[in-house]
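Shown below, as structure tokens, is a lone chain in the form predicted alone; questions about how it binds or moves come after it.
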Amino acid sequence: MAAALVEPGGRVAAYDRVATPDGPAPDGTALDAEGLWRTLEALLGKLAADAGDPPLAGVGAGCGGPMTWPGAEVSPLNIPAWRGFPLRARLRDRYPGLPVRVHNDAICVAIGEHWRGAGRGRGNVLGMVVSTGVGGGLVLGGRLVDGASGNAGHIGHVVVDPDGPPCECGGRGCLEAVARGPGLVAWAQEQGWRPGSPDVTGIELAADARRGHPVAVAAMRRAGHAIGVAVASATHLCDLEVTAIGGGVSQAGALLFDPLEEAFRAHARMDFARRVRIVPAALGQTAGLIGAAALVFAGDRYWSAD
């Protein structure tokens, strides 16, 4: 969990983070929804106190999905203690009288990159996160596109290989099933990279790829190819100018981006599509926090629900 105090221009004035609890509570009982909320509440209180409790313009938050939107009853896949947790309502109770706006965390990354990052000054931007999962958000005509349920831009479930691996969504061959970090590791281990080693990560896979391990290199090329195919499809559909890609897997650099560009150029054959720039996200770990702040400071472009 991460929190920040963000100034109206997008500068992060203060920042703190804490590990999301995933085990038993200190008293030995199972972690429940309220215990998780108390962890977040303590983080918010400490951040504000350390900064001298400045006056707030509002509260923006990004959370993993699925969630109802805009009510933000959240059920993040990787946080099983929260199922249907009323995050927006609880934040409103804690900050009465202030606007409270919650969106998907990958959408907040896309907003941040459009507002103050790699897509700044452009009207049509796809922001992506490639990490434990693959998510994204769309800004078209200078405004966030929410879609019917707040899930527009969810590029992780664009199908890149109809005969590919099963996805946790129940489909097959989704971009997320191919390119997410745990999926890359599982595929590489099946091909003989560190077989049987528990708890290895995409970071270690990328490090071995840099050292030239052939299976690790192949895994990164496989992910890059899948992302390139998905971005080509999205570009043809949405007439994009910039695609900004962040998240842990994207830190592999050229190992990922070179095959990504190769696949994109092979599939993006229309002249207008070939003009898009595909770049690493510029804001790093603060992109989602800056995007969440933009839900408040630039709500005319990024928030349509109130």
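None of the values given here were measured: they were computed from a predicted structure. The first residue of the sequence shown is number 1, and the count goes up from there.
Not pictured, yet referred to below: the form predicted together with another copy of the chain.
Contact between residue 206 and another copy of the chain in the model of the complex is not found at the 4.5 Å heavy atom cutoff. Contact annotation: residue 155 falls within 4.5 Å of another copy of the chain in the model of the complex, judged by heavy atom distances. Contact check for residue 121: no non-hydrogen atom falls within 4.5 Å of another copy of the chain in the model of the complex. For residue 105, no non-hydrogen atom is located within 4.5 Å of another copy of the chain in the model of the complex, even though that partner is not displayed.
Per the 4.5 Å heavy atom criterion, another copy of the chain in the model of the complex is contacted by stretch 271-279, the sole one of 271-279, 43-51, 252-260, 56-64. In summary, among the residues 166, 212, 84, 162, the only one with a non-hydrogen atom within 4.5 Å of another copy of the chain in the model of the complex is 162.
138 is the sole member of 178, 217, 138, 185 with a non-hydrogen atom within 4.5 Å of another copy of the chain in the model of the complex. Taking another copy of the chain as positioned in the model of the complex, none of the residues of 56-88 brings a heavy atom within 4.5 Å of it.
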